[in-house]
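Next up: just one chain, as structure tokens, the form predicted on its own.
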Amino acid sequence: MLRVLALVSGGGTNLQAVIDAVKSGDIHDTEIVGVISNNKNAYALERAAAAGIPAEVISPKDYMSRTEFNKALLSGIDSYSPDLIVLAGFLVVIPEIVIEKYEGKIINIHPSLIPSFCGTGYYGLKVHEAALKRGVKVSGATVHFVDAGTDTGPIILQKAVEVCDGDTPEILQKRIMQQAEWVIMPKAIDMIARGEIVYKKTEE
């Protein structure tokens, strides 16, 4: 049984997609053992509660220093003994101490086709604003392993989504969520649960 811990910051639509896929059996032999949010007002916490999943808040605002927060986050993660950490819209930089301990066991979803529109400063609507400004005809989403860089870890899955005339960042964001993110995040977790994906470091 793959023990999944989800880290969230907002609405939790990707979390819901994973919850639904575990429940339906589309994700095999997997249990969501917990949810951690940095935001006490995240709707994702309500989604977790509705699904009977233990959830807690570990926020940088509650600690005197980033070092203290980092230690608290690692301790919180450790308490769930996860096999896989899923960043489902988590807007906090993952501390190095977490990446080092859980190397090859953390995955993230990014709302573009990496290497386009990724890296520092590219998150949320900013990704879609940049894609529309550049005039791309295709965007999409990427599931990748997390390493010490920003959006630089090995790619697991990508799915392309058409950019349509008249798209706003909000419209494009919604289409990419529905057509790509909610599809490939559960699929990536299922592939890991089945042993079909093996972490290999990205070549320097």
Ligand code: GRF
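Fair warning: this is a prediction, and the values are worked out from it, not measured in the lab. In case it trips you up, residue 1 is the first one in the sequence shown, and so on.
In what follows, reference is made to the form predicted together with this ligand, a form of this protein that is not presented.
**Student:** May I ask you to decide between open and blocked for this site, after superimposing the site C-alphas so that this ligand adopts its pose in the model of the complex, counting ligand atoms within 2.4 Å of backbone or C-beta atoms with 3 as the threshold?
**Tutor:** Placed partner leaves the pocket open.
**Student:** Using the partner position in the model of the complex, report whether Val57 sits within 4.5 Å of this ligand, counting heavy atoms only.
**Tutor:** Val57 lies outside the contact set for this ligand.
**Student:** Can any non-hydrogen atom of Met177 be found within 4.5 angstroms of this ligand in the model of the complex?
**Tutor:** Contact with this ligand, yes.
**Student:** Indicate whether Pro186 is a 4.5 Å heavy atom neighbour of this ligand in the model of the complex.
**Tutor:** Pro186: no contact with this ligand in the model of the complex.
**Student:** Using a 4.5 angstroms cut-off on non-hydrogen atoms, would Ile109 count as touching this ligand in the model of the complex?
**Tutor:** Yes, contact at 4.5 Å.
**Student:** Report the stretch among 110-118, 92-100, 129-137, 77-85 that approaches this ligand in the model of the complex to within 4.5 Å, counting heavy atoms only.
**Tutor:** Result of the contact check: 110-118.
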